[in-house]
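Only one chain is given next, in structure tokens, and it is the form predicted on its own.
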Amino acid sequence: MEDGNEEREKLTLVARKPCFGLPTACPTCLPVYVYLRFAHLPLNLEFNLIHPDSDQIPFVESGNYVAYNNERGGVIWSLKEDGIVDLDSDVRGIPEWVSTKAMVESWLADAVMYELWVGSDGKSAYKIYYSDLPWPIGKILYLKQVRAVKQLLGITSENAERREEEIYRRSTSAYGALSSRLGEESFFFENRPTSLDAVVLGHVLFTLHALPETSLLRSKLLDHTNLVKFAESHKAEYIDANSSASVPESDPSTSASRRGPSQWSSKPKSKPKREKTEEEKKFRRRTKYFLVTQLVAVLVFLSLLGGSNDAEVELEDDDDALNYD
């Protein structure tokens, strides 16, 4: 990049909104945020509330440069390959580092996806992705995503119990391996942060704070106190210390976490009413257009779903999913 220092000052991460005491409650966005914090880069954090099903989010902008989540190997991979920031230059040739990161990005990512969309009441997923949309659109998009996640994880009515057992068995093995590798160190390799540390920290914080108290994955994680300590200490250093500069004060979702050893507490600050700018008015109009198109897409989806003979989707699955509100 030209004029690297000037470009870095313009670095912006566009993520999903904060809640549960996290700067962004999206399990895909949070590791990217942590990675940039590990790099000590000046960072602006912005939130996209109207595209809950966009696979481009998160994305990073810097001048004319943009790295999207759904391009190449994701945002972190693009930032490394394009010379923006690379924390892995000294470890990418270590086989154990490569295999450990692959394990986290597959086994633990699948476990979070399962709990968020299939193995829970759906309240966390709704709050993160759909709570800013009109109720019927948010609910239908939620059910659509549940269906998509089941297909992605290969879950059917015939193998649901076996797949659940396999997902939790792998997550248990992953936590054990990570705990043994970390020991009493501050980071997993070379005593300094890498993208592996960012991905693990994002996963642990999301699991501890965004998943419900009844989460089986959360209970398995809590068995490994050094992983919990790893997350809490780095959260205090890299996230809480920068929260006032990175999270807009006017966002109502920045309330305290529901739980955690530190028991944070904060109150959202109110702002005086003011006249809307022309840019805000344009944004509202665009939001209305987006909601209209989403409604049309939902109606088309329902019409197709109604005519489907897919035997794998049972009525009782939909009944369970509706219990999240």
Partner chain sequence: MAVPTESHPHLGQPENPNLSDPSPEPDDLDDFEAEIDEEDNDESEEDDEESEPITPEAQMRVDRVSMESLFKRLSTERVPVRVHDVLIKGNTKTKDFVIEAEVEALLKNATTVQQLLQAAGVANARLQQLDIFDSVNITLDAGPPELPGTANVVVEVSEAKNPLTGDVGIFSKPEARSWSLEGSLKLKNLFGYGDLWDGSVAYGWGQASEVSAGVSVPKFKALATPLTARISLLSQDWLKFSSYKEKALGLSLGLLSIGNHDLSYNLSWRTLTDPSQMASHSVRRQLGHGLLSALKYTFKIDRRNSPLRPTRGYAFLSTTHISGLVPDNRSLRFIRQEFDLRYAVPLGFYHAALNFGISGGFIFPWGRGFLNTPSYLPERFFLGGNSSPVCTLRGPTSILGFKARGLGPAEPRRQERGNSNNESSDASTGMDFIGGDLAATAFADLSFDLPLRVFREAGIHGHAFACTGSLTKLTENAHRELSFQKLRESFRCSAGFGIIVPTKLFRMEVNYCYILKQHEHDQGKTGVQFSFSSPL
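In this text, all values refer to a predicted model and were calculated from it rather than measured experimentally. Residue numbers count along the first chain shown, from 1.
Below: the form predicted together with the partner chain, not depicted.
This chain is displayed without the partner chain, yet in the model of the complex the stretch 137-145 from 158-166, 99-107, 174-182, 137-145 comes within 4.5 Å of it by heavy atoms. This chain is drawn without the partner chain; in the model of the complex, the residue among 131, 120, 186, 226 with a heavy atom within 4.5 Å of it is 131. Listed residues 71, 240, 232, 86 were compared with the partner chain in the model of the complex; 71 is the one with a heavy atom within 4.5 Å. For the chain shown alone, residue 14 is a contact residue for the partner chain in the model of the complex, at least one non-hydrogen atom being within 4.5 angstroms. Using a 4.5 angstroms threshold between heavy atoms, residue 38 stays clear of the partner chain in the model of the complex. Looking at residue 58, you'd find every heavy atom of it more than 4.5 angstroms from the partner chain in the model of the complex.
At least one heavy atom of residue 52 is located within 4.5 Å of the partner chain in the model of the complex. Taking the partner chain as positioned in the model of the complex, none of the residues of 187-204 brings a heavy atom within 4.5 Å of it.
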